[in-house]
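Only one chain is shown below, in structure tokens, and it's the form predicted on its own.
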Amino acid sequence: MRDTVITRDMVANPKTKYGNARASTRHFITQRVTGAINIAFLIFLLFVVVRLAGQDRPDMVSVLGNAWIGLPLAALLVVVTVHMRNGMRDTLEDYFAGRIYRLLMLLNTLFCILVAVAGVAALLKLVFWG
């Protein structure tokens, strides 16, 4: 797929299509929904951080091992990584194009998946196996 050079005339024409409209709308909605979920989870996250302040490891394991705390934290971690991937996508779109953009998006996606899998696995281990 060749990269199209965007000219002044293309920008001036309101009927010019720059990309996949459905993908852009999905990205927009996903970014807003994950941001709203992050705000909603903020109070819960602050509760956990304040609860764990100054605690030693066994107390931390007992708090995070509670299913009412660990499972919502795992869900929050997944939502945060989706939001992180979309935010980095916006930044990468601004500065890169073509093959380098696709490579960086692949690396961005792999990093976000790695963070989500490692974090969720650690929390699920605490919840189900202590």
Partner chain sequence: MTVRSRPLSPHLQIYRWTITMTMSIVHRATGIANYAGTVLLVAWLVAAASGQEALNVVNAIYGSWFGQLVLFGFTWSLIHHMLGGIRHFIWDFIIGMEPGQREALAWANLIASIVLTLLVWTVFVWMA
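This structure is a prediction, so every number in the text was calculated from the model and none was measured. Whichever C-alpha set is largest while still superposing within 1.5 Å between the two forms counts as the rigid core. Residue numbers count along the first chain shown, from 1.
Same protein, other form: the form predicted together with the partner chain, not shown, and the subject of what follows.
Quiz prompt | in the predicted bound form, the one of 103, 97, 67, 52 near the partner chain [non-hydrogen atom within 4.5 angstroms] | solution = The option sitting close enough to the partner is 52.
Quiz item: Going by a heavy atom distance of 4.5 Å, is residue 26 a contact of the partner chain in the predicted bound form?
Solution: Residue 26 lies outside the contact set for the partner chain.
Quiz item: Does the partner chain get within 4.5 angstroms of any non-hydrogen atom of residue 21 in the predicted bound form?
Solution: No, no contact at 4.5 Å.
Quiz item: Closest heavy atom of residue 91 to the partner chain in the predicted bound form, within 4.5 Å or not?
Solution: Yes, contact at 4.5 Å.
Practice problem: Give a yes/no on whether residue 48 approaches the partner chain to within 4.5 Å in the predicted bound form, heavy atoms considered. | Solution: Within the cut-off, so yes.
Practice problem: Counting only non-hydrogen atoms and a 4.5 Å cut-off, give the residues of 112-126 close to the partner chain in the predicted bound form. | Solution: 112, 115, 118, 119, 122, 123, 125, 126 sit within 4.5 Å of the partner.
Quiz prompt | Rigid-core frame, C-alpha of residue 55, shift of 2 angstroms or more between the shown form and the other one | solution = Indeed, residue 55 is displaced by 2 Å or more.
Quiz prompt | Is_shifted residue 11 between the shown form and the other one (CA, 2 Å cut-off, rigid core) | solution = Yes; residue 11 is a residue whose C-alpha shifts (by 2 Å or more) between the shown form and the other one when the cores are overlaid.
Quiz item: Between residue 12 and residue 29, does the Cα distance in the predicted bound form come out closer or farther than in this form, changing by 3 Å or more?
Solution: Relative to the displayed form, residue 12 and residue 29 move farther apart in the predicted bound form - a change of at least 3 Å between their C-alphas.
Quiz item: Versus the form shown, are the CA atoms of residue 25 and residue 12 closer or farther apart in the predicted bound form, given a shift of 3 angstroms or more?
Solution: It is farther: in the predicted bound form, the C-alpha atoms of residue 25 and residue 12 lie at least 3 Å more apart than they do here.
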